[in-house]
Every structure is written in structure tokens, then in C-alpha cells.
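This document opens with one chain alone, in C-alpha cells, the form predicted on its own.
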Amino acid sequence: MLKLSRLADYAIVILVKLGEQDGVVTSPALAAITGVPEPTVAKVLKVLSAHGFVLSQRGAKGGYRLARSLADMSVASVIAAVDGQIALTACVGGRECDTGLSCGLCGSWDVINTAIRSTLEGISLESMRPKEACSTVLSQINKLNATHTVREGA
């Protein structure tokens, strides 16, 4: 299974939620909005700041804001900032791996890796924002779950 790291997932969630806020937002406020523990939010924001995704503002009215619009940030760029180069295997891009040339697939993974990276580069964080229809469906599911829980408890 291909899976994002937890920090890359959190970084995308934090950026999308930050993009929905007006003005500067503090790390504790982002933790409350996202449900991500505050120390983890602070760690992710530090990485995102170092890679130019967010700008930090010090002082009493300090916090974080986006450095550019969500439309100008790709999923691939966030993953690369948090986890490093997107690579399915150790030998992608001509790098050496533990099995060396004995597996016979050296370089074969490059096509797949390029396709995945290109796809992720084509997805902006703006497109990751919850859609109105999605929000409506989630709201309905939450209502059904609440009703179901009440009935079970009765």
C-alpha cells in the first residue's frame, strides 16, 4: 500500500485549514481547528515556514498565514517539503539500493514514480478544500450517526 506519512497528511490539512481562515492564526488555534496535537502543529508549521509555504508573524498578534494561495501549492510540493523527494523505491532516479542490479528492475520504477509525482504535482491544495456537497454529506452522516447512537443508547 502506498501511504503518505502522518506529517505530510497533517501538513496538507493544516495548510488547507489555514487557507480557510482570515488573517493570522496561532498554532494552538490551528490545533483546535484541525484536531492535530499542538506540538505536532508547531513542528509542521516550522517545516512549512522553512520551505516558504507559510509566513510567521511574531508578537502579541502573532501567528501564521499562507505565503501564497492554496492554488499555487501542489500536494507534491508539500510532501517533498515534509518527507523529501517522492520515491517509491530506493533505486528511483538511478540511486543505488540494497539489491543492486540483481533484481533486474533498476530504473523500471522511474516510469511509475514519475507518473505518481506528476499527478500529485497537478493537484493543488485549493482542490483539496472540502466542497459544499461534501460538507453537506458529512453533516448528514454526522446527524445519522448521532441519531443511531441515541437509539442504541435508549
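Start at 1 with the first residue shown and count on from there. Keep in mind the model is a prediction, meaning the values are calculated, not measured.
There is also a form predicted together with the DNA; it is not shown, and the following applies to it.
A single residue from the set Thr89, Ser56, Ser124, Thr114 has any heavy atom within 4.5 angstroms of the DNA in the predicted complex; that residue is Ser56.
Only one of Gly52, Gly62, Gly107, Gly35 lies close to the DNA in the predicted complex, with a heavy atom inside 4.5 Å, and it is Gly62. Although the partner is absent from the chain shown here, Arg6, Ser27 and Thr40 each have a heavy atom within 4.5 Å of the DNA in the predicted complex. Residue contact check for Arg129: none of its heavy atoms lie within 4.5 Å of the DNA in the predicted complex.
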